[in-house]
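Next up: the same protein chain in two forms, each one alone, written as structure tokens (structure 1, then structure 2).
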Structure 1
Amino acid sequence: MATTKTPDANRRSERSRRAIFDAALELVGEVGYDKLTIEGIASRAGVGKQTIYRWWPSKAAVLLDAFTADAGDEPGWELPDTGDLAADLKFVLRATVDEFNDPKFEAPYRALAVAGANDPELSEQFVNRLQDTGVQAYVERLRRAQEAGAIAEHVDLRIAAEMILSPFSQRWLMRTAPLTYDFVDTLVDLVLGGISRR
């Protein structure tokens, strides 16, 4: 007598969740955040909108989870340490230029940054999941350089990291000028010129 296998609810839920994430990321790139809707995400994912509302309170929450879905699986990342601080910072920032200029990354990240400006709770989650980890990686690389004697002892390393990253973010978010390798190279040289041990 054949036995009927009970469907795996967890697997079905995970499949639906992944479809919702994919749909949210695709749609925000196609229509922008303002025109992104729960209904649109549900239709693209092939699920009922009640399924989305059961798991998330808003489209911003869906998008944040979609954008950070794999971040929790990765250990905290570190900047390279070749012994040449300027070269290491430029290497990572050039890779970040490529990432931020990629439409698949830019659309959801920009949407979350803008939405967070009007939603303190979303902004806090956005910072906790994405920005703090990145800033801390720079702080740790600067700390190693400080311990090696390359950076002055009195320098506040958190502020130094923000001096590197904030102009980058400002230029990208406000679109005041293109993000280029020349820009980040100059940025690194200027900041290190101010904080290096004389």
Structure 2
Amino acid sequence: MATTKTPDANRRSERSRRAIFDAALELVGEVGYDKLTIEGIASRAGVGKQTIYRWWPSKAAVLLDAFTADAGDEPGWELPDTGDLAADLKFVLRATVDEFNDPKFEAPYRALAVAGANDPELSEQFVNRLQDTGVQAYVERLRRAQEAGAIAEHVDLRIAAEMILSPFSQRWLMRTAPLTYDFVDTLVDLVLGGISRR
């Protein structure tokens, strides 16, 4: 048996991987996490079940890779740092508004968030791993601002990141109000400046 892959075999693998990710994201948005199966993903992707099992041990593992490949927020992802903290935060949050207003992204992410809220184990292994990558990127950007003297020394950066990200997530998840550029711009200004009268 040949163990070294030819360039053609590599291209075929990459095509299959992408087809499996697309199928997994589409299906979880359509049927929800509980009803998602490896069989269903294989059938939608036009590959054999064994192809999936060769690469991933579970549907959760497929989805985790599919989400990180898709959202581009793999570990190590960083916010821009132009030296203007407010502008950098608004830039990234406006892009996130666009992403969360796109049904193709929204449906699978919602299915996952709902499953995670219901299932502590899934949440710990998986939802938080995705979510934490995002929170950590914000914490890192805030840390650089703190080192540069723009953020007060006493500030808990994790809670500061939650003040920016949680109102966004909560509006989205509970559909309490629309996600707009105005909303994220105002949010950033209020988090930086506080609501108290100076």
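By convention here, residues take numbers in order along the sequence of structure 1, the first being 1. Here the rigid core means the biggest group of C-alpha atoms that line up within 1.5 Å when the two forms are laid on top of each other. Here the structure is a predicted model, which is why all the values come from computation and not from measurement.
One chain, two forms displayed separately, with the form predicted together with a further copy of the same chain being the second of them, structure 2. With the core superposed, Glu147 shows a C-alpha displacement below 2 Å between structures 1 and 2. Positional change of Asp185 between structures 1 and 2 stays under 2 Å at the C-alpha, relative to the superposed core.
Comparing the forms between structures 1 and 2 on their rigid core, the Cα displacement of Arg18 reaches 2 Å or more.
In the rigid-core superposition between structures 1 and 2, residue position Ser58 carries a C-alpha shift of 8.1 Å. Taking the core as the fixed frame between structures 1 and 2, we note the C-alpha of Leu27 moving 3.3 angstrom. On rigid-core superposition between structures 1 and 2, the C-alpha of Leu36 is found to move 5.8 angstrom.
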